[in-house]
Ligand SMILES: Cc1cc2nc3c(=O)[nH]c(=O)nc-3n(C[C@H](O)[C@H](O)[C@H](O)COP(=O)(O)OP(=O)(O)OC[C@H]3O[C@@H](n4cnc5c(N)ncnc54)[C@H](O)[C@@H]3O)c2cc1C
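Take a look at this one chain, the form predicted on its own, written out in structure tokens.
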Amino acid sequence: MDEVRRLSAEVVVIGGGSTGCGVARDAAMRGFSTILVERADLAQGTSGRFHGLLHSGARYAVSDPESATECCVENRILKRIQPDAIEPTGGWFVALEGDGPDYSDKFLRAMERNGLPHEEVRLALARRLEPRLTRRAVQVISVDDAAVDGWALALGTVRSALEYGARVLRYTEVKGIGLTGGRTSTVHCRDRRSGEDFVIEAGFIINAAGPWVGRVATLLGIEDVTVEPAQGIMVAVSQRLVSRVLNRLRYPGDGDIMVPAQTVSIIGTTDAPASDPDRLVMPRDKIQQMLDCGEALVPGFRQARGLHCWVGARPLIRDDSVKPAETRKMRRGMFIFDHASRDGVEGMLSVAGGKLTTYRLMAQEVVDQMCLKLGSPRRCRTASEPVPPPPTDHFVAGQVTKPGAGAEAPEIEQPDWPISPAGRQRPTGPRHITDRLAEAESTRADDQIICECELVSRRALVSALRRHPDDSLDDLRRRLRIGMGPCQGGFCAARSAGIACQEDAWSAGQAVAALRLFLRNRWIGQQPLVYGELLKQIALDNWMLYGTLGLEQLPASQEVVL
């Protein structure tokens, strides 16, 4: 019988969303040997399935002042340390006819009381700055909201962790947690791609699995970790209809946030309990509700081309003062479960709640607690040290160590750009579609465009394939934005699969399997929006891929495609 492979780390982080990535970075920066395990791709869960809003805190000024203050402070920090993932659009809170003045008065008093920046905007100026804003607007208040790319944020954070010697194991499922003398000692894992089982000897475990935090705790027989998954639905249309984040100036409710995200506009979100974060649903009536809410803020929203819809699960902390179905009323603050004091199990902390906006603060506080328990206080530097920008293929390129870190040799290829311990020349701001257009224009003679909608070049695709030949088309979509535009992969997905074969990254059977999975996943987000221009596009895609190319008849690999 083959011996089980064994790894070891002072800290094992479970969960590769924004918080888990932040914990891995923080722990590694403090000098702990760190391994991050994630059962899927990085930021594939809640951190990649939200509305793209970097909160200013204004949304919670009345209902949850503590969360509002945390968001305000972290908003400023993230704009400073991760400008590559953030577009500082600014935001407006807009009162419409019939909304009533009561909430507006409370909102302004709460903003003043909590020191949250805001300014009233004259309606005439507001209509000049945002011509599509509804004429039913009666009051506009400017706040410091922004748009954030959850994938870029998480991947940049992990890149920093890798520079400090951390290891990241994607598609690795935690199957068990071992105890020795009442203390966690091992994490039993399975590589979902190879099927290999292996063990990580862990000095300490931080459970940052988001809505799945409770499920991880059950591996230790702990059944009462009170994380309440709350699902929210978002809808994107394929036009950037506004240049600022728009919020309804009323008590937080469904469909009252519109975010300009890269080339699209996103309306969201709903808030309802979910029994299983792996089994979220998108009822058609909720999709229609989102479209109606977008129309209320921006007339013509319904006529814009529907693009995609999705649903994510918030990891809220159960609040016994409200009914279980009233997830909207549950506070949005973070909570750290100390399993030693509450469950008698040493060596593990669980962290949940919070917002993507406060991911860095959540990581800081849970690592601070870990340091106290280990009797090894070490200073946190994540608020001051910039996060490295993502590479051009928008992915963590390799495990890179700081000079003298003494970490193991990297398991994946080194990046093709230099690392400097003293820092690097940073871009002046986030990348926009116009930046990619300028690059495409300058290289169009010798670099083919694979995805016209998002201007992804062949060179970027080939670079990603060479570094990560095991990645699926869905993984590449999160790195490169392939298939994120109006055709939803109808043209570029088949091209990308063909190039992967041409470059000997995939076999023909692997390419067919990856293409089928990609298109099936895209369909999940298109199906509730099948009307108008999207219906025409779907018909065209089906004629090309299934009629002309005969995708259903092509032989596919039986290997696991994740």
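Each residue number is its position in the shown sequence, starting from 1. The model shown is predicted, which means the values in this text are computed figures rather than measured ones.
A second form of this protein, the form predicted together with the named molecule, is not displayed here; the remarks below concern that form.
Chemist: If contact means any heavy atom within 4.5 Å, which of 95-103, 136-144, 369-377, 232-240 contacts the named molecule in the model of the complex?
Modeler: Result for this chain: 232-240.
Chemist: Work out which of M258, L356, A166, L473 lies within 4.5 Å of the named molecule in the model of the complex, going by heavy atoms.
Modeler: It is L356.
Chemist: Of L246, V387, I266, L155, which one comes within 4.5 Å of the named molecule in the model of the complex, counting heavy atoms only?
Modeler: Of the candidates L246, V387, I266, L155, I266 is the one lying within 4.5 Å of the named molecule in the model of the complex.
Chemist: At 4.5 Å between heavy atoms, is D26 in contact with the named molecule in the model of the complex?
Modeler: Looking in the model of the complex, residue contacts with the named molecule do not include D26, since no heavy atom lies within 4.5 Å.
Chemist: With a cut-off of 4.5 Å between heavy atoms, is G52 one of the residues that contacts the named molecule in the model of the complex?
Modeler: It does: once the named molecule is placed as it appears in the model of the complex, G52 has a heavy atom within 4.5 Å of it.
Chemist: At 4.5 Å between heavy atoms, is R478 in contact with the named molecule in the model of the complex?
Modeler: R478: contacts the named molecule in the model of the complex.
Chemist: At the 4.5 Å heavy atom threshold, is T172 in contact with the named molecule in the model of the complex?
Modeler: Answer yes; at least one heavy atom of T172 falls within 4.5 Å of the named molecule in the model of the complex.
Chemist: Relative to the named molecule in the model of the complex, which residues of 266-284 have a heavy atom no more than 4.5 Å away?
Modeler: Counting only heavy atoms within 4.5 Å of the named molecule in the model of the complex, the contacting residues of 266-284 are I266, T269, P277, D278, L280.
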